[in-house]
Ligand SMILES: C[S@@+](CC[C@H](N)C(=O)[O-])C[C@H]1O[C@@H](n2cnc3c(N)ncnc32)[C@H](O)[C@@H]1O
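Take a look at this single chain, the form predicted alone, given in C-alpha cells.
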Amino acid sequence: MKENHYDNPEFFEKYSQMNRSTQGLQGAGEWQTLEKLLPAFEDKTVLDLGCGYGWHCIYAAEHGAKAVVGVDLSEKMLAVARSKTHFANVRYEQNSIEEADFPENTFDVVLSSLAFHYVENFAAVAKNVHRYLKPGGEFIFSVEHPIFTAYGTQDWYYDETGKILHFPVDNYFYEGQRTANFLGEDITKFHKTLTTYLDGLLTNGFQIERLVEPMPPEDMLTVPGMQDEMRRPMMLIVKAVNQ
C-alpha cells in the first residue's frame, strides 16, 4: 500500500482545518487561475485523480458533467467527499493514482489537483491517462512547482530573529524522494524537474495548451503569509490535449 498520511487521525484533523478544506475551492489560492483553464463540462465524462474532498468532482457535476469518477487513496478523504456530494452521477473509488485503471477512451476530461508530487513516475501516469482519455480529451492538473520541491524541506531560510531571508533551491536535477514537513508530519514527496512534467506529456501523446504559475489572487494577499508567496512559485498548472 502506498504511503497515506491522510488516514492518520491527527494529521487528517489538522488538514481538515485548512482553508482549502473548510472553504472548498474558494479557499484554495490557485483556484481562480485553475478555474479559467477548465473546459465546459456539459455532457462530459470526468475523472479526478487524487480527488480528496471531492470539490472538483462536485464542481464538474454542478456544471453539467454526465458522469464523474473521483479516485483517492485515503478512506477518510473519500468519506468526506461522499458526505458532501449530492449528485447521483458522481462516484468515488479508493485506489492509488498509479494503480487506478479504466477502459480505453473512457473520459472526456481528466483532472488532478496537487497530487502528482506524491507519485514517483509521472511519465507512467501520463501514459495511463492518454489511454483512458478520449482523443481530443483534456488533461488539466496542478502540482507543486519544481522550484518548490527541489530542495525538499519546502520551508524558507530565516535569520536569527525569524525573518525570512530566502527560499532554498538546490539539487534541482537530482530527481526523486524528498521529505517535507507538512502540518507537523514528515511527508514523502517526489521532486521532478519541469522537463520531466512537460516531456512526460509530449512523449505520451499530448499537446500542451497552457502552462501557468499561479500567483496569489489580490483578494487573498491580506491572508498571513500570502505576500511571501509572491517571492517564489509554489504551484504549476498544466493543460494538455490528448492527440
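Predicted, not measured: the structure shown is a model, and the values here were computed from it. Start at 1 with the first residue shown and count on from there.
One more form of this protein exists, namely the form predicted together with the ligand; it is left out here, but the text below deals with it.
- The contact with the ligand in the predicted bound form, taken as any heavy atom within 4.5 Å, belongs to A115 out of A115, I140, A126, A150.
- Contact with the ligand in the predicted bound form, defined as any heavy atom within 4.5 Å, is confined among 173 to 181, 61 to 69, 201 to 209, 44 to 52 to 44 to 52.
- The three marked residues, V110, K192 and M235, fail to reach the ligand in the predicted bound form, with no heavy atom of any inside 4.5 Å.
- Though the partner is left out of this view, S74 does reach within 4.5 Å of the ligand in the predicted bound form, counting heavy atoms only.
- When the ligand is considered in the predicted bound form, N8 lies well away from it, no heavy atom lying within 4.5 Å.
- Contact annotation for I97: at least one heavy atom lies within 4.5 Å of the ligand in the predicted bound form.
- Taking the partner from the other structure, the ligand in the predicted bound form has a heavy atom within 4.5 Å of a heavy atom of V119.
- Contacts between stretch 9 to 24 and the ligand, counted in the predicted bound form as any heavy atom lying within 4.5 Å, involve Y15, R20, listed in sequence order.
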